[in-house]
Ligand code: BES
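A single chain, nothing else alongside it, follows as C-alpha coordinates in the form predicted on its own.
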(Lines give C-alpha, C1' and ligand atoms only; values in the text may rest on other atoms or scores of the structure.)
Protein backbone atom coordinates (compact mmCIF):
# COMPACT_ATOMS: atom_id res chain seq x y z
CA UNK A 1 0.00 0.00 0.00
CA UNK A 2 1.35 3.41 -1.04
CA UNK A 3 1.23 6.33 1.40
CA UNK A 4 1.79 9.80 -0.02
CA UNK A 5 1.39 13.51 0.68
CA UNK A 6 -0.26 15.94 -1.76
CA UNK A 7 0.17 19.69 -1.43
CA UNK A 8 -3.48 20.53 -2.11
CA UNK A 9 -6.69 21.11 -0.17
CA UNK A 10 -8.55 17.90 0.56
CA UNK A 11 -11.50 18.63 -1.74
CA UNK A 12 -9.15 18.95 -4.75
CA UNK A 13 -7.50 15.56 -4.20
CA UNK A 14 -9.07 12.74 -6.24
CA UNK A 15 -9.72 9.65 -4.09
CA UNK A 16 -12.50 7.09 -3.68
CA UNK A 17 -13.10 7.51 0.07
CA UNK A 18 -12.70 10.41 2.49
CA UNK A 19 -11.80 9.76 6.14
CA UNK A 20 -12.63 12.04 9.04
CA UNK A 21 -11.81 11.75 12.74
CA UNK A 22 -14.46 13.16 15.03
CA UNK A 23 -14.46 13.77 18.78
CA UNK A 24 -17.68 14.11 20.81
CA UNK A 25 -17.08 17.87 20.76
CA UNK A 26 -16.59 18.21 16.99
CA UNK A 27 -19.60 15.95 16.36
CA UNK A 28 -21.85 18.71 17.67
CA UNK A 29 -20.94 21.05 14.79
CA UNK A 30 -20.55 18.45 12.05
CA UNK A 31 -22.70 19.16 8.93
CA UNK A 32 -23.84 15.50 8.89
CA UNK A 33 -24.53 15.35 12.62
CA UNK A 34 -28.15 14.30 12.18
CA UNK A 35 -27.32 11.48 9.79
CA UNK A 36 -24.45 10.27 11.99
CA UNK A 37 -26.58 10.27 15.13
CA UNK A 38 -29.34 8.49 13.27
CA UNK A 39 -26.78 5.76 12.54
CA UNK A 40 -25.96 5.56 16.27
CA UNK A 41 -22.59 7.28 15.98
CA UNK A 42 -21.42 8.84 19.26
CA UNK A 43 -17.77 9.52 18.38
CA UNK A 44 -16.49 7.00 20.91
CA UNK A 45 -12.86 5.97 20.51
CA UNK A 46 -12.46 3.94 17.29
CA UNK A 47 -16.22 3.80 16.64
CA UNK A 48 -16.75 3.72 12.87
CA UNK A 49 -19.58 4.92 10.70
CA UNK A 50 -19.50 4.47 6.92
CA UNK A 51 -21.69 6.80 4.87
CA UNK A 52 -21.12 5.15 1.52
CA UNK A 53 -23.54 7.43 -0.29
CA UNK A 54 -21.23 10.31 0.69
CA UNK A 55 -18.06 8.26 0.11
CA UNK A 56 -17.23 9.08 3.73
CA UNK A 57 -15.83 7.01 6.61
CA UNK A 58 -15.84 8.67 10.03
CA UNK A 59 -14.02 7.39 13.09
CA UNK A 60 -14.49 8.49 16.67
CA UNK A 61 -11.70 9.70 18.94
CA UNK A 62 -11.81 10.30 22.66
CA UNK A 63 -9.30 13.14 22.27
CA UNK A 64 -6.83 14.46 19.71
CA UNK A 65 -3.49 13.01 20.74
CA UNK A 66 -0.92 10.69 19.16
CA UNK A 67 -2.14 7.51 20.82
CA UNK A 68 -5.79 8.08 19.94
CA UNK A 69 -4.99 9.09 16.34
CA UNK A 70 -2.58 6.20 15.74
CA UNK A 71 -5.04 3.64 17.03
CA UNK A 72 -7.98 5.22 15.21
CA UNK A 73 -6.04 5.36 11.93
CA UNK A 74 -5.13 1.71 12.33
CA UNK A 75 -8.79 0.82 12.82
CA UNK A 76 -9.77 2.86 9.75
CA UNK A 77 -7.17 1.16 7.55
CA UNK A 78 -8.09 -2.35 8.68
CA UNK A 79 -11.75 -1.62 7.88
CA UNK A 80 -11.12 0.18 4.60
CA UNK A 81 -9.00 -2.73 3.37
CA UNK A 82 -12.16 -4.84 3.41
CA UNK A 83 -14.08 -2.30 1.31
CA UNK A 84 -13.86 -2.00 -2.46
CA UNK A 85 -12.24 1.45 -2.58
CA UNK A 86 -8.79 1.66 -4.23
CA UNK A 87 -7.83 4.92 -2.46
CA UNK A 88 -8.70 7.07 0.53
CA UNK A 89 -7.76 10.60 1.54
CA UNK A 90 -7.73 12.64 4.73
CA UNK A 91 -6.64 15.95 6.16
CA UNK A 92 -4.01 16.66 8.80
CA UNK A 93 -4.78 16.92 12.51
CA UNK A 94 -1.90 19.18 13.45
CA UNK A 95 1.73 19.01 12.35
CA UNK A 96 2.83 17.15 15.48
CA UNK A 97 0.31 14.34 14.94
CA UNK A 98 1.21 13.49 11.33
CA UNK A 99 3.69 10.82 12.42
CA UNK A 100 0.99 8.98 14.39
CA UNK A 101 -1.35 8.97 11.38
CA UNK A 102 1.35 7.52 9.10
CA UNK A 103 2.17 4.82 11.64
CA UNK A 104 -1.51 4.00 11.96
CA UNK A 105 -1.73 3.56 8.19
CA UNK A 106 1.44 1.52 7.65
CA UNK A 107 1.38 -0.59 10.82
CA UNK A 108 -2.40 -0.98 10.79
CA UNK A 109 -2.40 -2.28 7.21
CA UNK A 110 0.08 -5.05 8.02
CA UNK A 111 -1.08 -8.59 7.28
CA UNK A 112 1.03 -11.74 7.47
CA UNK A 113 -0.48 -14.28 5.09
CA UNK A 114 2.60 -16.11 3.82
CA UNK A 115 1.18 -19.45 4.88
CA UNK A 116 -2.39 -18.89 3.63
CA UNK A 117 -3.30 -20.90 0.54
CA UNK A 118 -5.59 -18.03 -0.51
CA UNK A 119 -4.29 -14.72 0.89
CA UNK A 120 -6.98 -12.12 1.48
CA UNK A 121 -6.90 -9.51 -1.27
CA UNK A 122 -7.49 -5.82 -0.61
CA UNK A 123 -8.66 -3.19 -3.10
CA UNK A 124 -7.03 -0.40 -1.07
CA UNK A 125 -3.78 0.60 -2.77
CA UNK A 126 -3.24 4.21 -1.79
CA UNK A 127 -3.58 6.49 1.23
CA UNK A 128 -3.32 10.19 0.41
CA UNK A 129 -2.72 12.90 3.01
CA UNK A 130 -3.49 16.53 2.25
CA UNK A 131 -1.10 19.21 3.49
CA UNK A 132 -4.19 21.05 4.69
CA UNK A 133 -5.33 20.73 8.29
CA UNK A 134 -8.85 19.58 9.12
CA UNK A 135 -9.70 23.23 9.92
CA UNK A 136 -8.60 24.21 6.36
CA UNK A 137 -5.32 25.83 7.46
CA UNK A 138 -2.38 24.95 5.20
CA UNK A 139 0.54 23.34 7.03
CA UNK A 140 4.21 23.50 6.07
CA UNK A 141 4.67 21.11 3.17
CA UNK A 142 8.43 20.67 3.63
CA UNK A 143 8.07 19.74 7.28
CA UNK A 144 5.28 17.28 6.49
CA UNK A 145 7.38 15.70 3.72
CA UNK A 146 10.31 15.25 6.11
CA UNK A 147 8.04 13.61 8.71
CA UNK A 148 6.54 11.33 6.05
CA UNK A 149 9.91 10.13 4.72
CA UNK A 150 11.35 9.46 8.18
CA UNK A 151 8.25 7.76 9.55
CA UNK A 152 7.82 5.51 6.51
CA UNK A 153 11.37 4.19 6.97
CA UNK A 154 10.77 3.41 10.65
CA UNK A 155 7.30 1.90 10.14
CA UNK A 156 8.43 -0.27 7.22
CA UNK A 157 11.41 -1.48 9.27
CA UNK A 158 8.96 -2.41 12.03
CA UNK A 159 6.98 -4.47 9.51
CA UNK A 160 10.24 -6.04 8.32
CA UNK A 161 10.78 -7.29 11.87
CA UNK A 162 7.20 -8.54 12.09
CA UNK A 163 7.72 -10.58 8.93
CA UNK A 164 10.88 -12.20 10.31
CA UNK A 165 9.36 -13.04 13.69
CA UNK A 166 6.18 -14.46 12.16
CA UNK A 167 8.01 -16.98 10.00
CA UNK A 168 7.92 -20.57 11.22
CA UNK A 169 10.88 -22.23 12.95
CA UNK A 170 11.18 -24.59 9.99
CA UNK A 171 11.74 -21.66 7.63
CA UNK A 172 13.56 -19.20 9.89
CA UNK A 173 16.43 -21.27 11.28
CA UNK A 174 19.71 -19.80 12.56
CA UNK A 175 21.19 -20.34 9.10
CA UNK A 176 18.21 -18.60 7.50
CA UNK A 177 18.65 -15.64 9.84
CA UNK A 178 22.23 -15.46 8.63
CA UNK A 179 21.04 -15.41 5.02
CA UNK A 180 18.60 -12.57 5.81
CA UNK A 181 21.40 -10.64 7.49
CA UNK A 182 23.70 -11.15 4.52
CA UNK A 183 21.02 -9.90 2.12
CA UNK A 184 20.34 -6.90 4.36
CA UNK A 185 24.04 -6.13 4.43
CA UNK A 186 24.23 -6.13 0.63
CA UNK A 187 21.06 -4.08 0.02
CA UNK A 188 21.77 -1.50 2.76
CA UNK A 189 25.55 -1.30 2.41
CA UNK A 190 26.23 -2.77 5.85
CA UNK A 191 29.24 -4.78 6.91
CA UNK A 192 28.15 -8.34 7.68
CA UNK A 193 30.10 -10.97 9.60
CA UNK A 194 28.64 -14.38 10.41
CA UNK A 195 30.30 -16.86 12.76
CA UNK A 196 29.48 -20.52 12.20
CA UNK A 197 29.87 -23.42 14.67
CA UNK A 198 33.64 -23.71 14.19
CA UNK A 199 34.18 -19.98 14.61
CA UNK A 200 32.06 -19.99 17.78
CA UNK A 201 34.26 -22.77 19.16
CA UNK A 202 37.37 -20.73 18.35
CA UNK A 203 35.83 -17.79 20.20
CA UNK A 204 35.14 -20.06 23.22
CA UNK A 205 31.43 -19.21 23.20
CA UNK A 206 30.56 -22.36 25.13
CA UNK A 207 27.31 -21.13 26.68
CA UNK A 208 25.78 -20.32 23.29
CA UNK A 209 27.09 -23.54 21.77
CA UNK A 210 25.63 -25.60 24.61
CA UNK A 211 22.14 -24.20 24.02
CA UNK A 212 22.24 -25.17 20.35
CA UNK A 213 23.98 -28.51 20.82
CA UNK A 214 20.92 -30.77 20.40
CA UNK A 215 19.58 -29.03 17.30
CA UNK A 216 20.17 -30.17 13.73
CA UNK A 217 20.30 -26.45 12.86
CA UNK A 218 23.69 -25.15 14.03
CA UNK A 219 23.93 -21.72 15.67
CA UNK A 220 25.10 -18.52 14.03
CA UNK A 221 26.43 -15.29 15.50
CA UNK A 222 25.52 -12.38 13.24
CA UNK A 223 27.28 -9.00 13.28
CA UNK A 224 25.92 -6.18 11.12
CA UNK A 225 27.69 -2.82 11.17
CA UNK A 226 26.68 0.62 9.92
CA UNK A 227 29.69 2.96 9.81
CA UNK A 228 29.12 6.54 8.63
CA UNK A 229 32.02 8.95 8.32
CA UNK A 230 32.83 10.82 11.54
CA UNK A 231 30.06 9.29 13.70
CA UNK A 232 28.93 11.28 16.72
CA UNK A 233 28.47 8.14 18.82
CA UNK A 234 28.99 4.37 18.61
CA UNK A 235 26.09 2.14 19.69
CA UNK A 236 26.04 -1.63 20.21
CA UNK A 237 22.75 -3.53 19.96
CA UNK A 238 22.51 -7.18 21.02
CA UNK A 239 19.48 -9.37 20.26
CA UNK A 240 18.39 -12.78 21.47
CA UNK A 241 17.66 -14.85 18.36
CA UNK A 242 16.15 -18.14 19.57
CA UNK A 243 14.56 -19.30 16.34
CA UNK A 244 12.68 -21.89 18.39
CA UNK A 245 12.68 -22.75 22.09
CA UNK A 246 11.37 -26.13 23.20
CA UNK A 247 12.73 -25.53 26.68
CA UNK A 248 15.41 -28.16 26.16
CA UNK A 249 15.45 -30.98 28.71
CA UNK A 250 13.49 -28.69 31.05
CA UNK A 251 10.74 -29.17 28.47
CA UNK A 252 7.98 -26.59 28.15
CA UNK A 253 4.35 -27.65 28.48
CA UNK A 254 2.73 -28.31 25.09
CA UNK A 255 0.61 -25.14 25.20
CA UNK A 256 3.66 -23.04 26.07
CA UNK A 257 5.55 -24.24 23.00
CA UNK A 258 3.02 -22.64 20.66
CA UNK A 259 4.25 -19.17 19.55
CA UNK A 260 7.86 -19.98 20.51
CA UNK A 261 8.91 -18.86 17.04
CA UNK A 262 8.65 -15.40 18.62
CA UNK A 263 11.70 -16.10 20.81
CA UNK A 264 13.86 -14.61 18.05
CA UNK A 265 12.12 -11.21 18.31
CA UNK A 266 15.07 -9.49 19.99
CA UNK A 267 17.45 -10.58 17.26
CA UNK A 268 14.98 -9.56 14.57
CA UNK A 269 14.47 -6.18 16.27
CA UNK A 270 18.15 -5.23 16.15
CA UNK A 271 18.24 -6.16 12.46
CA UNK A 272 15.22 -3.93 11.84
CA UNK A 273 16.78 -1.10 13.82
CA UNK A 274 20.05 -1.11 11.89
CA UNK A 275 18.06 -1.33 8.64
CA UNK A 276 16.23 1.89 9.55
CA UNK A 277 19.42 3.60 10.81
CA UNK A 278 21.16 2.96 7.48
CA UNK A 279 18.18 4.24 5.47
CA UNK A 280 17.85 7.35 7.67
CA UNK A 281 21.61 7.88 7.21
CA UNK A 282 22.14 8.79 10.85
CA UNK A 283 25.54 10.11 11.94
CA UNK A 284 25.75 7.33 14.53
CA UNK A 285 27.77 4.15 14.14
CA UNK A 286 25.62 1.15 14.99
CA UNK A 287 26.62 -2.47 15.50
CA UNK A 288 23.89 -5.13 15.66
CA UNK A 289 24.77 -8.54 17.11
CA UNK A 290 22.38 -11.51 16.98
CA UNK A 291 22.80 -14.84 18.73
CA UNK A 292 20.78 -17.14 16.46
CA UNK A 293 20.23 -20.54 18.10
CA UNK A 294 17.63 -23.29 18.35
CA UNK A 295 17.03 -24.90 21.78
CA UNK A 296 15.99 -28.53 21.27
CA UNK A 297 16.18 -31.92 22.99
CA UNK A 298 18.34 -34.93 22.17
CA UNK A 299 20.92 -37.32 23.53
CA UNK A 300 23.58 -34.61 23.39
CA UNK A 301 21.45 -31.81 24.88
CA UNK A 302 22.93 -29.70 27.64
CA UNK A 303 21.51 -30.58 31.04
CA UNK A 304 20.50 -29.17 34.39
CA UNK A 305 23.57 -29.56 36.66
CA UNK A 306 25.97 -28.75 33.81
CA UNK A 307 28.50 -26.00 34.47
CA UNK A 308 29.29 -23.87 31.42
CA UNK A 309 32.24 -21.56 30.88
CA UNK A 310 31.14 -18.37 29.13
CA UNK A 311 33.29 -16.34 26.74
CA UNK A 312 34.37 -13.93 29.47
CA UNK A 313 35.57 -16.85 31.61
CA UNK A 314 32.76 -16.82 34.15
CA UNK A 315 31.19 -20.17 35.05
CA UNK A 316 27.44 -20.78 34.98
CA UNK A 317 25.54 -23.47 36.85
CA UNK A 318 22.63 -24.66 34.69
CA UNK A 319 19.59 -25.30 36.84
CA UNK A 320 17.01 -24.94 34.07
CA UNK A 321 17.62 -25.41 30.33
CA UNK A 322 14.57 -23.26 29.56
CA UNK A 323 16.52 -20.25 30.83
CA UNK A 324 18.57 -20.47 27.66
CA UNK A 325 18.27 -16.97 26.22
CA UNK A 326 20.40 -15.46 28.95
CA UNK A 327 23.11 -18.06 28.23
CA UNK A 328 23.18 -17.04 24.57
CA UNK A 329 23.24 -13.36 25.49
CA UNK A 330 26.06 -13.92 27.98
CA UNK A 331 28.39 -14.99 25.17
CA UNK A 332 27.12 -12.51 22.57
CA UNK A 333 27.49 -9.61 25.01
CA UNK A 334 31.06 -10.75 25.72
CA UNK A 335 31.88 -11.02 22.03
CA UNK A 336 30.29 -7.63 21.24
CA UNK A 337 32.24 -5.82 23.96
CA UNK A 338 35.48 -7.48 22.95
CA UNK A 339 35.09 -6.46 19.30
CA UNK A 340 33.48 -3.01 19.50
CA UNK A 341 34.29 -0.15 21.85
CA UNK A 342 30.98 1.67 22.04
CA UNK A 343 29.42 4.55 23.95
CA UNK A 344 26.32 2.50 24.86
CA UNK A 345 25.27 -1.13 24.75
CA UNK A 346 21.60 -2.21 24.67
CA UNK A 347 20.18 -5.71 24.54
CA UNK A 348 16.71 -6.88 23.48
CA UNK A 349 15.27 -10.23 24.46
CA UNK A 350 12.01 -12.11 24.94
CA UNK A 351 13.63 -13.19 28.17
CA UNK A 352 11.06 -13.88 30.90
CA UNK A 353 7.39 -14.61 31.41
CA UNK A 354 7.92 -12.84 34.73
CA UNK A 355 8.14 -9.52 32.88
CA UNK A 356 4.58 -10.06 31.60
CA UNK A 357 3.43 -10.84 35.15
CA UNK A 358 5.00 -7.60 36.36
CA UNK A 359 4.03 -5.23 33.54
CA UNK A 360 1.34 -6.95 31.48
CA UNK A 361 1.46 -8.17 27.89
CA UNK A 362 1.88 -4.77 26.19
CA UNK A 363 4.86 -3.31 28.04
CA UNK A 364 8.63 -3.72 27.68
CA UNK A 365 10.65 -4.03 30.87
CA UNK A 366 13.58 -1.60 31.12
CA UNK A 367 16.48 -2.52 33.42
CA UNK A 368 19.99 -1.30 34.12
CA UNK A 369 22.17 0.62 36.59
CA UNK A 370 21.92 4.13 35.16
CA UNK A 371 18.64 5.75 36.23
CA UNK A 372 19.09 8.83 34.03
CA UNK A 373 19.76 6.64 30.98
CA UNK A 374 16.70 4.49 31.71
CA UNK A 375 14.52 7.58 32.09
CA UNK A 376 15.67 8.83 28.68
CA UNK A 377 14.44 5.53 27.25
CA UNK A 378 11.09 5.75 29.01
CA UNK A 379 10.57 9.20 27.48
CA UNK A 380 11.59 7.98 24.02
CA UNK A 381 9.25 4.99 24.27
CA UNK A 382 6.35 7.21 25.28
CA UNK A 383 6.94 9.54 22.32
CA UNK A 384 7.28 6.59 19.93
CA UNK A 385 3.99 4.96 20.92
CA UNK A 386 5.57 1.97 22.68
CA UNK A 387 4.92 1.13 26.33
CA UNK A 388 7.88 0.69 28.71
CA UNK A 389 8.15 0.22 32.46
CA UNK A 390 11.15 0.51 34.79
CA UNK A 391 12.03 -2.58 36.85
CA UNK A 392 14.60 -1.59 39.51
CA UNK A 393 17.64 -3.60 40.55
CA UNK A 394 18.48 -4.28 44.18
CA UNK A 395 21.30 -6.16 45.92
CA UNK A 396 18.95 -8.59 47.67
CA UNK A 397 17.54 -10.01 44.42
CA UNK A 398 21.10 -10.48 43.20
CA UNK A 399 21.64 -13.02 46.00
CA UNK A 400 19.01 -15.30 44.42
CA UNK A 401 21.27 -16.19 41.47
CA UNK A 402 24.20 -17.15 43.68
CA UNK A 403 25.61 -20.61 42.95
CA UNK A 404 27.43 -22.86 45.38
CA UNK A 405 29.40 -24.62 42.64
CA UNK A 406 29.91 -21.94 39.97
CA UNK A 407 30.17 -18.16 39.64
CA UNK A 408 26.45 -17.73 38.98
CA UNK A 409 23.27 -19.76 38.52
CA UNK A 410 21.20 -19.34 35.36
CA UNK A 411 17.93 -19.15 37.35
CA UNK A 412 16.83 -17.67 40.63
CA UNK A 413 16.49 -19.84 43.73
CA UNK A 414 13.07 -18.29 44.42
CA UNK A 415 10.13 -17.52 42.09
CA UNK A 416 10.15 -13.77 42.70
CA UNK A 417 11.36 -10.87 40.58
CA UNK A 418 12.20 -13.19 37.70
CA UNK A 419 12.63 -10.46 35.08
CA UNK A 420 15.02 -8.56 37.35
CA UNK A 421 17.07 -11.61 38.37
CA UNK A 422 17.44 -12.51 34.67
CA UNK A 423 18.81 -9.02 33.98
CA UNK A 424 21.08 -9.30 37.03
CA UNK A 425 22.40 -12.53 35.53
CA UNK A 426 23.29 -10.62 32.34
CA UNK A 427 25.02 -7.99 34.46
CA UNK A 428 27.74 -10.58 35.13
CA UNK A 429 28.67 -10.36 31.46
CA UNK A 430 28.79 -6.57 31.15
CA UNK A 431 32.29 -5.12 31.48
CA UNK A 432 32.79 -2.83 34.46
CA UNK A 433 33.36 0.26 32.31
CA UNK A 434 30.07 -0.39 30.43
CA UNK A 435 27.74 -0.97 33.39
CA UNK A 436 26.52 2.65 33.44
CA UNK A 437 26.13 2.58 29.64
CA UNK A 438 24.03 -0.61 29.41
CA UNK A 439 20.26 -1.06 29.31
CA UNK A 440 18.41 -4.38 29.06
CA UNK A 441 14.97 -4.56 27.40
CA UNK A 442 12.74 -7.53 28.19
CA UNK A 443 10.24 -7.68 25.30
CA UNK A 444 8.67 -11.02 26.27
CA UNK A 445 5.19 -9.49 26.50
CA UNK A 446 5.40 -6.68 23.97
CA UNK A 447 6.98 -8.56 21.04
CA UNK A 448 4.04 -10.81 20.17
CA UNK A 449 0.28 -10.74 20.61
CA UNK A 450 -2.44 -13.36 20.23
CA UNK A 451 -5.21 -10.76 20.15
CA UNK A 452 -5.40 -7.52 18.18
CA UNK A 453 -4.69 -4.24 19.98
CA UNK A 454 -3.80 -0.74 18.83
CA UNK A 455 -2.12 -1.07 15.37
CA UNK A 456 -1.26 -4.75 15.93
CA UNK A 457 -2.93 -7.83 14.50
CA UNK A 458 -2.25 -11.38 15.68
CA UNK A 459 1.48 -12.11 15.73
CA UNK A 460 4.65 -10.06 15.95
CA UNK A 461 4.52 -6.37 16.86
CA UNK A 462 8.06 -5.24 16.03
CA UNK A 463 8.60 -4.14 19.63
CA UNK A 464 11.76 -2.14 20.21
CA UNK A 465 12.17 -0.65 16.74
CA UNK A 466 10.18 2.57 17.05
CA UNK A 467 11.37 3.45 20.55
CA UNK A 468 15.02 2.81 19.67
CA UNK A 469 14.84 4.98 16.56
CA UNK A 470 13.20 7.72 18.64
CA UNK A 471 16.07 7.49 21.16
CA UNK A 472 18.73 7.48 18.43
CA UNK A 473 17.17 10.45 16.63
CA UNK A 474 17.23 12.42 19.89
CA UNK A 475 20.86 11.38 20.41
CA UNK A 476 21.72 12.70 16.95
CA UNK A 477 19.92 15.98 17.67
CA UNK A 478 21.95 16.40 20.85
CA UNK A 479 25.12 15.85 18.83
CA UNK A 480 24.03 18.50 16.32
CA UNK A 481 23.42 21.12 19.03
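Numbering follows the first chain given and starts at 1. Keep in mind that this is a model prediction, so the values were computed, not measured.
Just so you know, the form predicted in complex with this ligand exists too; it's not on screen, but the next bit is about it.
Partner contact region in the predicted complex: 314 to 322, out of 67 to 75, 314 to 322, 138 to 146, 273 to 281, criterion any non-hydrogen atom within 4.5 Å of this ligand. Checked against this ligand in the predicted complex, the residues 262, 359, 180, 81 give one hit for a heavy atom within 4.5 Å, which is 262.
Taking 399, 379, 252, 111 one by one, only a single residue has any non-hydrogen atom within 4.5 Å of this ligand in the predicted complex, and it is 252. Among heavy atoms of residue 354, some come within 4.5 Å of this ligand in the predicted complex.
Using a 4.5 angstroms limit between non-hydrogen atoms, residue 408 is distant from this ligand in the predicted complex.
This ligand in the predicted complex is not approached by residue 243, whose heavy atoms all lie more than 4.5 angstroms from it.
With a 4.5 Å cutoff on heavy atoms, residue 326 counts as touching this ligand in the predicted complex.
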